[in-house]
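Only one chain is given next, in structure tokens, and it is the form predicted alone.
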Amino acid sequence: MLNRVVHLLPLELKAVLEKLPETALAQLEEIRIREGRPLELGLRGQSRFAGTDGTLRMAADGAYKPTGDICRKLLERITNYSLYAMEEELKRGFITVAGGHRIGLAGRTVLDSGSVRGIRDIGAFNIRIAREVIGSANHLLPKLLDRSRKSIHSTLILAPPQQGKTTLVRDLARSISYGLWGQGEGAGWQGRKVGVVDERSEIAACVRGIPTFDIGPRTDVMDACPKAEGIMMLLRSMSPEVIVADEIGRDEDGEAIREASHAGVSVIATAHAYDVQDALGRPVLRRLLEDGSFQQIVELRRTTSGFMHRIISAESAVRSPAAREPTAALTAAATSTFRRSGADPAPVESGLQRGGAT
């Protein structure tokens, strides 16, 4: 995984990371660089600190600490030596580089009339390494088929950060575009025209408008475009049959998805939420589920060997009495049940299932 971002790293930092064991390099997902503090690595959902000799340790004691000079060099590389050119990205708190790798930034914010205009004195970076996992949606897609339209039901995928949502929707877009519906009833269906709104340039990882990940032969991408605007642009100009978007949550996102639904287009979208109850505690997601813009909900969980998913009927989830209780009161109980017994927070179309690697 390191070779995908090695060109961004200052030599001193690169030298430390190249000493890591091969098994760790293969599992590397995040590199967290904080000025004057221990170098932290994310390895398949687990956190470790790196020593100067490449050893991994649970405790921060004795770990390698990047200097201010290294952080400055890293910032210059990821901004291509022009902070001014990256002003909009800095305002959002992250930069997406070629390959779909997203680099989060933390530092002192610059305010303009109470709104964030940018970040200066940047002293922390989180390099998230994008991974393409062909076939990761193979177990899930056949369970989401809309047989009446020979396509996919509009589906909302829920999970906390770092559970594989983007990897999954990327592979769903690819499979739908190719017409890889699985061995069941959809085996003979043709592929569908897919429109991807890639606001953070992570799904398709476009470079100059050309996807670097395989997202299928019938897929069009609105790259670095806000989701609401991108959805409407695709509807007007590209006649998609399926639209894919990542991390929805704003009011304007909800309105655009509603428009797509009324236009007969299936929507696959992700959102940050632990489960259905959390999602129903977010007004935008609740309205979309209540008005039928989504037919299916997928709760996604990361495991060491792949991911687990649970498919829930959106209509049943909204009607469930438990779903109308305050989110805060349910979070702990829902977490416990999911892990302990696989009991469902609402009537389930398909139980807890294992998916492909993410």
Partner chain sequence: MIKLLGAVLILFAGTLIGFQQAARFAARPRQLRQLAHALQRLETEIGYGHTPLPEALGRIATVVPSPIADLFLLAAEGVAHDDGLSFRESWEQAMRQGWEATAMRAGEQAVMLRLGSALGISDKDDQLKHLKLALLQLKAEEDAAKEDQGRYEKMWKSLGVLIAVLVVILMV
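Small disclaimer: the values here were computed from a predicted structure and weren't measured. Numbering follows the first chain given and starts at 1.
Below, we turn to the form predicted in complex with the partner chain, even though it does not appear here.
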property: Contact residue in the model of the complex, chosen from 146, 87, 252, 185 - any heavy atom within 4.5 Å of the partner chain; result: 87
property: In the model of the complex, the residue from 109, 237, 80, 212 that sits within 4.5 Å of the partner chain by heavy atoms; result: 80
property: Stretch in contact in the model of the complex with the partner chain, which is absent here, among 152 to 160, 100 to 108, 268 to 276, 71 to 79 (heavy atoms within 4.5 Å); result: 71 to 79
property: Distance check, residue 14 to the partner chain in the model of the complex, heavy atom within 4.5 Å; result: yes
property: Residue 262 within 4.5 Å of the partner chain in the model of the complex, heavy atoms; result: no
property: 4.5 Å heavy atom contact, residue 92 and the partner chain in the model of the complex; result: no
property: The partner chain contact at residue 287 in the model of the complex, heavy atom, 4.5 Å; result: no
property: Within 101 to 118, the residues that have a heavy atom no more than 4.5 Å from the partner chain in the model of the complex; result: 117
